[in-house]
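Take a look at the structure tokens below, where one protein chain is shown in two forms, each on its own, as structure 1 and structure 2.
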Structure 1
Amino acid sequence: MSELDYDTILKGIKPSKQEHEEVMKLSGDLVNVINDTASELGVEVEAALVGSVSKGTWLSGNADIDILMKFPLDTSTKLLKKYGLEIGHETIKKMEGAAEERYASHPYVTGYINDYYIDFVPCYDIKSYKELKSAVDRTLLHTKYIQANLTPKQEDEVVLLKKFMESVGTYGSEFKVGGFSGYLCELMILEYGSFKETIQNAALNWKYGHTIDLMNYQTGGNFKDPLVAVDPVDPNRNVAAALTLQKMSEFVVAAVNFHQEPNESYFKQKTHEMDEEILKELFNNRKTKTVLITFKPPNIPADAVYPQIKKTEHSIVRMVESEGFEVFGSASWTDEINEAVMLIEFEVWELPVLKKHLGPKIWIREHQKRFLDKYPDNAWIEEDRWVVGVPREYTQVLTLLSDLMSGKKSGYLQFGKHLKNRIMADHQILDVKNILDSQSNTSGFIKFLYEYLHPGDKIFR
């Protein structure tokens, strides 16, 4: 690896002095307001800044301020929920922000204050994973561990790694991405010391099942995941459990590429000139048939929507392939509000009327009788098995898709739970070329199509 000017790169991606001061000032104010509000209400609560802001590892412009409200362990869940929401709302009101309730382990309130989004999340004030009551509580331990172990120099290394991950498309543990969480990035820097060492290790040494175990708990063998990072604050948890094999592989290959030829462009989003005409030509040249099923996504949290769309997409692919239509590729996308899309690209989308149906072996006379009663015409023998030519239920994949989506042939399809009724009530099945003709597509949708057509694009520079 030749040397890049990391200081210059960091200047572009680290929060400016002004942003840093602004965020820290706001965070400090919020902690004080919460503590004051709790006192006024006579509730024993202490606010704690957690997450990337508290650890100095956030990317410029990405400061999501997370504040935990720590309740004593003997607080009832009911009171924790009640006061958690009450203090959150009261704080946002005092800070003249806008509030919205959300749900993770408990209900909590998010505030939009001075152009920042702030989560106010109630938790129990635990000292060890053994006292854990909900997943949120663990965040407290993570923050303490990183604050105690990450050096200021290493904070910059985390920022470099996160930005690299973001550019190559592997950052974020939410289901939409299935990539590396911020905490996992921090543990990687603690394990290897620096961004460069992390890249070098991933590029040269990582294999399927690679294990990071900073506290030497030796519990890594309990996990079957592609990457194992034993949580320093909980030996029974794999921090990389949500990382898909796909994203781990993409990161390893991006690391190989970067290691061979380090380049500043790995810290920037790749952008492309892309419009409907270019996309249409690309799809045309493949001589495949690409069909889009579009519908309005259900109003549920993003982390629930993505797996449901994926599940539906995969079930459709299995279904149409079992009917004889060959799928070249598939993908799905949603803006989480108005549009959801499942894309299926076919190698074979028309089939002849006749289909071979295998029957019993001829030796089992009873089965043979039943088979021939059912198919009195046109049965024949291949080796020692009965075969019959039956009319194919669907000769056109578009008809099959239409019947699947409208429920005429729904018994076999596994819809995501919240998708079934919504798709059946309203959806469209369109050829990608017709959609591209309409010229009224959102940039997010255009980007989705571009990325489908260029799947390896982000990891090469």
Structure 2
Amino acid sequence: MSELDYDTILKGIKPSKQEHEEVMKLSGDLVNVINDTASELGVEVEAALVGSVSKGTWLSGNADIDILMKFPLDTSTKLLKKYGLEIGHETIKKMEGAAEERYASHPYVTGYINDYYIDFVPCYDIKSYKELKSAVDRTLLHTKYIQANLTPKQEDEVVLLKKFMESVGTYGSEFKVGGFSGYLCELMILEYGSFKETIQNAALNWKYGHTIDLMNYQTGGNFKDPLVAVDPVDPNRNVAAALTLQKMSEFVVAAVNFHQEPNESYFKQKTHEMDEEILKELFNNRKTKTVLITFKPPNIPADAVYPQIKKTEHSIVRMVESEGFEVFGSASWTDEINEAVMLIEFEVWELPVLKKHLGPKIWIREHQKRFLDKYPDNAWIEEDRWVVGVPREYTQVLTLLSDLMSGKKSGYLQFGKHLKNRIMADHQILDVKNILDSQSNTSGFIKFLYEYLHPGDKIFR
């Protein structure tokens, strides 16, 4: 691997001195306000800054300000939720910010303060994973472990790794990405020592089931995921559980490409002209039929919306293929507020009226009789098997999709639980080329279509 000027690259992706000071001051002020507010309410709570900001591993312009409100272990869940929300709201009010309630392991508040989004999350003040009461509690242990083990030089190595992953589309453990979490990136740097060594190991040594076990717990065999990273603070947890095989594979291929020919462009987002006319031409040239099912997403947390849409998309694909309509590819997207889209691209979207139905072998006399009683006129033999031509229920895929989405045949589908009523009440089934003729497409939707047409684009430079 030839040498790049990593110091110059870091200057472009690390927070500037001004940004660093601004974020740290805001974080410190928030911790103090939370502690003061808790004291005013007579509640035993201590605030703690966690996440990438607390560990010095955040990317410029992407400050991850997470503040935990630590409650004693003997606090009831009811009181933790009550005071967690109350303290969060009051803190945001004192800081003249805007508040929004969200839900993870339990309710929490997000505040928009001084142009930053900050999460105020109640948790239990645990000292060991054995005291764990909810998943968020473990974050305290993660933060302490990284702060105790990651050197200042390695903080920069994490920043390089995160930016590389972000640029190749594999960073982010939320469901809509299915990639590497920030904590997993930090563990990878602790395992291999540096960004270059991490890339080299992924490129040359990783295989399905590769295991990272910093504490040598030897519990990796308990997990069957594509990548296993045994949590240093909890031997019974795989930090890489949310990483999909797709994103692991993309990262490995990008690592191979970078290892063979290092290039600064791997630390920058690829930009392309995403004009509607160009996309329309690309879809036309494929000679397939691409259908979009559009609807308004339900008002539920984003991490719940994405898996429900994906579940519905996959169920539709299975259903149409069971009827003989061959699918080339599928994808889904949502802006989480106004629009959700399931894209299905067909190799076969129109079928003959008749389909061949295989009956029993002629040697099975009892089954043969029942078959001929049912089809007395048009059955024939192919080798030693009875065959009959029967009319298809659907010869046009659009008719099938309409029946699936309207409820006429919806019982065959596995909808996400919040989607069925929403889709059946209000949806559209549209040809992608007709949508691309519209002038109302958002940049996020156009980007989704571009990335569908160029699935390997980010991992090559």
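By convention here, residues take numbers in order along the sequence of structure 1, the first being 1. The term rigid core refers to the most C-alpha atoms you can superpose between the two forms while keeping them within 1.5 Å. Please read these numbers as outputs of a predicted model, since none were measured by experiment.
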Of the two forms I pasted, which one is the form predicted alone: 1 or 2? 2
Is the C-alpha displacement of Trp386 equal to or greater than 2 Å between the two structures once the rigid core has been superposed? yes
CA of Leu358, rigid core aligned, shift of 2 Å or more between the two structures: yes
Rounded to the nearest whole degree, how much does the smaller rigid part turn between the two structures? 9
